[in-house]
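Just the one chain here, the form predicted on its own, laid out as structure tokens.
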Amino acid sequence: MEAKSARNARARGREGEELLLMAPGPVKVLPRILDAMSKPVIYHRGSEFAELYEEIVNALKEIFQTENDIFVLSGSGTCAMEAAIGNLVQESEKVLCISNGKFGERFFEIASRYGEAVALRFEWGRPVDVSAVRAAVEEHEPAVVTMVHNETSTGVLNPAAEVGRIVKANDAIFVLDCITSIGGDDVPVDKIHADIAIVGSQKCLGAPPGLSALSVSEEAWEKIAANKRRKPYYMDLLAFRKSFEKRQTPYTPAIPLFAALHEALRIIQEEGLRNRIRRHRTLAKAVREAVKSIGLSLFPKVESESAYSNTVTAINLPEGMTDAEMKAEMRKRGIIIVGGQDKVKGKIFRIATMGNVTAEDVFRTIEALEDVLFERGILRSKERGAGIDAAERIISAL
């Protein structure tokens, strides 16, 4: 949609409008995806499901940019995170967990249940330091290294390619959480040496919540097969590989969600992955420039714009407003945003631009934010509209 037409569209009737999800998952789901879920349930051991599943996997391989095996799990992204660790790690092995946010810490918590977890922590809001990663890998000699590519808790994009090279040079297995980047940013899984890469259905893929998918490299398969005391049963990846020979899952899948994911992937193919990535990047930059133009500051402390997340923007709360107040005021205007988590709870709020988000959605969100700040006396009358103008300048290039 052109910027001007999108800007005009934001003024259309608000009454009866659905709440707009601008949270980092779940995201809004398009009607044709919802319609796919309402189709009659098919038999999960029949040819219809086999064809559906194969088409899903082939589409995901294009989006992951991988030749590795891919499987879909009936569980959210955390399910796939635990599947990766639980299948790979033996109790005596070290797992180096790189963390600079809430979800990096989640990997550490999971790994602590399966092996000897070692945390390499960085300040929240700053990208991972590659030289520190190299030193830690050489010191601890871990069997597995985990990292979150796009840390939505802080709005930071971590240097996956650089970390992947270090991990491979030290003969370790690299597990990369791409839950909120694959489908919205450029994530060439094979090129960045991710042995296991993970995505969630309710993020950039634009599908409903409840599914995750992961890719598995040959090196990861060798390590999984060597782990004779694998603990997962429902998430046993060897069982998933065996079942996929018949284009099935080992246990009953969430069939309506598979149908929804299938339709969501069709939409991505119609848009084109390059176009989708460009849209995500453009809309995220529009939000960043808009909030700065109305006097707010970004939470991430980065030296390069490439370190900003392209799917969620973390913004410091203005003085005099709590995150609860900000969320409530935005909700009154029909917009769902989120606050901070753990260490940054009460300090930031976050606006996501992921999935099937449009320029109109961004304009509507920025307009609502300007209204909130004006009514609270934070934004002066003559400053109103600056955020919309800034967003429009960026979006006009889309």
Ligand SMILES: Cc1ncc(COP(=O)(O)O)c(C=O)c1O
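Numbers for residues come from their place in the sequence shown, where the first is 1. Computed from a prediction, not measured in an experiment: that's the story for all the values here.
There is also a form predicted together with the named molecule; it is not shown, and the following applies to it.
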query	finding
Interface stretch in the predicted complex with the named molecule - options 265-273, 122-130, 236-244, 101-109, non-hydrogen atom within 4.5 Å	101-109
Touches the named molecule in the predicted complex: residue 194 (any heavy atom, 4.5 Å)	no
4.5 Å heavy atom contact, residue 387 to the named molecule in the predicted complex	no
Any non-hydrogen atom of residue 204 within 4.5 angstroms of the named molecule in the predicted complex	no
Contact test in the predicted complex: residue 76 vs the named molecule, heavy atoms, 4.5 Å	yes
Interface residue in the predicted complex among 81, 97, 287, 260, criterion: non-hydrogen atom within 4.5 angstroms of the named molecule	81
Heavy atom within 4.5 Å of the named molecule in the predicted complex - the one residue of 87, 313, 150, 215 that qualifies	150
Neighbours of the named molecule in the predicted complex among 348-387 [non-hydrogen atom within 4.5 angstroms]	none
